[in-house]
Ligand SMILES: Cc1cc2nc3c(=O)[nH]c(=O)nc-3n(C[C@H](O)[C@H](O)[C@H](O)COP(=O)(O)OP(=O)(O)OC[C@H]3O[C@@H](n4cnc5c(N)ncnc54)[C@H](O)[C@@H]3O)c2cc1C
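In structure tokens, the next block holds one chain alone, the form predicted alone.
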């Protein structure tokens, strides 16, 4: 069967899934992407907020509440980054950086030698650019897959008709969601299930609370972003100090191409999020805001956010990752898995995982 005749389903429209779909379509495959959300991007997300949703003339503010920036080291990803730069969908961000606590190995607050890129006008921009020429079905949550007459069919939530047929299928999802989908599916070969389960159980993604803050005036903070590192011996699950609660803070409005304003984003630490994952939003807001004020020394009497939003990422960060190879592919069943958690984490790892999986399919790689 020629590439033009091969039909491939990609489940998940984050960066990894879209990188895989884009490369496969370039090579001549017929690709359809299925995404449960209203938009593409996954954790490369930008929240656009209006505090007067019924007023068409109301002002909006925006904030990147997932991935904050990315770097490019791998030659293939450097090539992709240069294409995004040429298209005007990313730009270099040169923030004034700070670090609270002891920096772990590999964490740098220095600008020299580190080029940080962000999407313009938001982190979703390069992902949308990839998706612009792809067939993407939004608000289509795949809840099971099955095999009929040697082809894969997808069961979509709230849709009586199966989607398909497809010759091959890619799961571009967080590890836990890959497990859940396989558990609900029929006729998936044991060899693939075992390979996927081994990787997903070894590399689950941790959760993260993300708080977005809109201020009326600029805060008297001397830096644009900061890593927050808890002491290694801190009893972090019980500790309510600022360094135990937060892991990252940034003046999102300091990024290029953003609307005027004073917007900050706070990421809670993994351990603190785990301990407070089911807390009420008001409780999480007050706790994270208090930690932010404590770290920055902001006068709480004078400066208080006029608006805020909170997002709970259940699958935010891969604490441990593979990278040899950075994907799973079972040629016998035509099933594969990609995601940042399989390839070093981070934005570059997500793109590389999807791209490398596509290259494996194109080259006839056999697991």
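Residue numbers count along the first chain shown, from 1. Keep in mind that what you see is a predicted model, and the values were worked out from it rather than measured.
If you look for the form predicted in complex with the named molecule, you will not find it shown, but the lines that follow are about it.
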{"item": "Interface segment, criterion being heavy atoms within 4.5 Å of the named molecule in the predicted bound form, picked from 273 to 281, 158 to 166, 138 to 146, 215 to 223", "value": "138 to 146"}
{"item": "Listed residue (229, 177, 80, 253) with a non-hydrogen atom within 4.5 angstroms of the named molecule in the predicted bound form", "value": "177"}
{"item": "The single option of 288, 208, 130, 249 touching the named molecule in the predicted bound form, heavy atom within 4.5 Å", "value": "208"}
{"item": "Contact of residue 337 with the named molecule in the predicted bound form (heavy atom, 4.5 Å)", "value": "no"}
{"item": "Contact flag, residue 47 vs the named molecule in the predicted bound form, heavy atom cut 4.5 Å", "value": "no"}
{"item": "Heavy atom of residue 317 within 4.5 Å of the named molecule in the predicted bound form", "value": "yes"}
{"item": "Heavy atom of residue 32 within 4.5 Å of the named molecule in the predicted bound form", "value": "no"}
{"item": "Interface residues of 266 to 291 toward the named molecule, as seen in the predicted bound form [heavy atoms, 4.5 Å]", "value": "267"}
